[in-house]
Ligand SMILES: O=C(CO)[C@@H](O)[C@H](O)COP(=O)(O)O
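For reference, the chain that follows is the form predicted on its own, supplied as structure tokens.
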């Protein structure tokens, strides 16, 4: 893709990073239908591109393009006001929400939005997913909270995400009557959170068909979260939202 003057104004290392992130974000979009988190053109993945000494950028999918038609070149680049910097197509309709999160949560490097069935069902009820699974304690440090109702088109959704997650250990929020948004250290981390939030939403729903799920003591939730975030794996699980 030939760079527009907007992107050409950035240093070569930033332009190179943008191209790397374009390929990464394109590949990660394929994970959403693979895990059954989206239908048709719904949902989006973005990643922050840090600009030393300047305002960061974000890479996100174009609006209304099917997943099979996505390519690295079709990914669009925006500033953190949601303005198009580089790309031949209109950005995702959720770009303003992603941009607001990056503006106000500088530790966040990736954002994902889906309409995955079970998580969205909880959002439609306006009900948080209670922390009744060790997997939830590990990954989210507590329940999956509900965010406020907000309309698409400006940064209202982004404000709701930030207000809900700013003081929470959760990397996922269920925006009321809308669906889940997840955050991460980078886009891959946020995609993982999106997969996990759907899994726990489904499991807790099924559990409630059998009876009332058993709660986990807060001290045990804290212990599980601390271990998973600081000991589990290969040192890549440090919390984005401690």
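Note that this is a predicted model, so its numbers are computed, not measured. Numbering follows the first chain given and starts at 1.
One more form of this protein exists, namely the form predicted together with this ligand; it is left out here, but the text below deals with it.
S.K.: Using the pose of this ligand in the predicted complex, placed onto this unliganded form by C-alpha superposition round the site, state open if no ligand atom is within 2.4 Å of a backbone or C-beta atom and blocked if 3 or more are.
M.R.: Site status open, zero atoms under the 2.4 Å cut.
S.K.: The chain here is shown without this ligand. Which stretch in 103-111, 123-131, 141-149, 87-95 comes within 4.5 angstroms of it in the predicted complex, by heavy atom distance?
M.R.: Heavy atoms within 4.5 Å of this ligand in the predicted complex occur in 87-95.
S.K.: By the heavy atom within 4.5 Å rule, which residue out of 211, 64, 215, 52 makes contact with this ligand in the predicted complex?
M.R.: It is 64.
S.K.: Using heavy atoms and a 4.5 Å limit, would one call residue 182 a contact residue for this ligand in the predicted complex?
M.R.: Flag for residue 182 set to no.
S.K.: Taking the shortest heavy atom distance, is residue 44 within 4.5 Å of this ligand in the predicted complex?
M.R.: Within the cut-off, so yes.
S.K.: Consider residue 115 of the chain shown here, and say whether it contacts this ligand in the predicted complex, taking contact as heavy atoms within 4.5 Å.
M.R.: Yes, contact at 4.5 Å.
S.K.: Do residue 178 and this ligand come within 4.5 Å of each other in the predicted complex, heavy atoms counted?
M.R.: Within the cut-off, so yes.
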